[in-house]
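Here we start with a single chain on its own, the form predicted on its own, put down as structure tokens.
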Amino acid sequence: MKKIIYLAFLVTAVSFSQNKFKDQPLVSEIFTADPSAHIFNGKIYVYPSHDIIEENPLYDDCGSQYAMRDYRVLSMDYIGGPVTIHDVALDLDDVPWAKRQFWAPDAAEKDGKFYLYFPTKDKDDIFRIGVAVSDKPEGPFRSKKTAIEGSYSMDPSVFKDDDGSYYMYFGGIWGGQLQRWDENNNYTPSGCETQDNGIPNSPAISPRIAKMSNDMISFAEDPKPIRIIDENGNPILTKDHDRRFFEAAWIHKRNGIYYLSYSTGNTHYIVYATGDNPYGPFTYRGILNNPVQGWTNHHSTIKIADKWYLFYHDTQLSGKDFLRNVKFSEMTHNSDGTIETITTLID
């Protein structure tokens, strides 16, 4: 039955839109989103969310339609080469503390071990971040029995700096629940309201950073907020939906500059800000990726050989916001350190 539904989606997608897509999906056998791209053992590995087909998906203000239950790793020997879809890397049933929803993951390698970082809701329906370990980049991964102590919200991404230190960036408002946590890491139960509590001129909610311990399965410090400021040093405000943080924090480093890129959520941009250290502050610089087809816009960046690439998703295959497909596009840094804006959807 699910195969029939999937084929129906593909047929629908042919006539869904007259838009022309700059790039094509990496794979069409499964639906994938939120790609985190890395080079391990000389190969390109992509760690996406695995969108699933449900005959009657549950819709609510907290994103229950994004009901992923396992992770599948993609790999290719070179950019643009044939893509392998590996067997299940981790299943929700194999995470003792988890209740539902495997959202956007990331991965890291240290001393020959591979670590899969994943957000999922615990038994109380609170997002926490877990970690699972494998001897192979594609898994299978074995989950730790508990979530990372001190973790919360979602969209973990782990950055390795030049000195060998690892940092986790995380957080997302709306269904990602970051708005429930203050900057001292205290939790206040609430719904899925995302914003200003009636104060639109307040500084926008910040993503979080925590240095990883040597064991790669715990934090070495309490999570801290990351300041995102404008060119005058003023904080980006809650009401500034074109520039404020929503989700999908990602770091890359080039020529000594740290680039924090992230999704603006309901305005559908991937934007970026720059700083001179992993903790920021980061100064807003511009748009990295214009809106794609579909509600969400979530990405990663990676250098392969002497070129940089943006990995992202859209809904070309299905036309459904919760059934997405991963793609990539070349990206260009300018001589002044800015990044050329990428447009992948051409009307």
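These figures come from a predicted structure and were not determined experimentally. Residues carry their position along the shown sequence, with the first being 1.
Keep in mind that the form predicted in complex with a small molecule is not shown, yet the notes after this line are about it.
Put simply, Tyr117 is far from the small molecule in the predicted complex: not one heavy atom of it is within 4.5 Å. Within 4.5 Å of any heavy atom of the small molecule in the predicted complex lies no heavy atom of Leu317.
The small molecule in the predicted complex comes within 4.5 Å of no heavy atom belonging to Ile228. Of the heavy atoms in Ala104, some are within 4.5 Å of the small molecule in the predicted complex. With the partner left out here, the small molecule still marks one of 23-31, 292-300, 38-46, 275-283 in the predicted complex; by a 4.5 Å heavy atom cut-off that stretch is 292-300.
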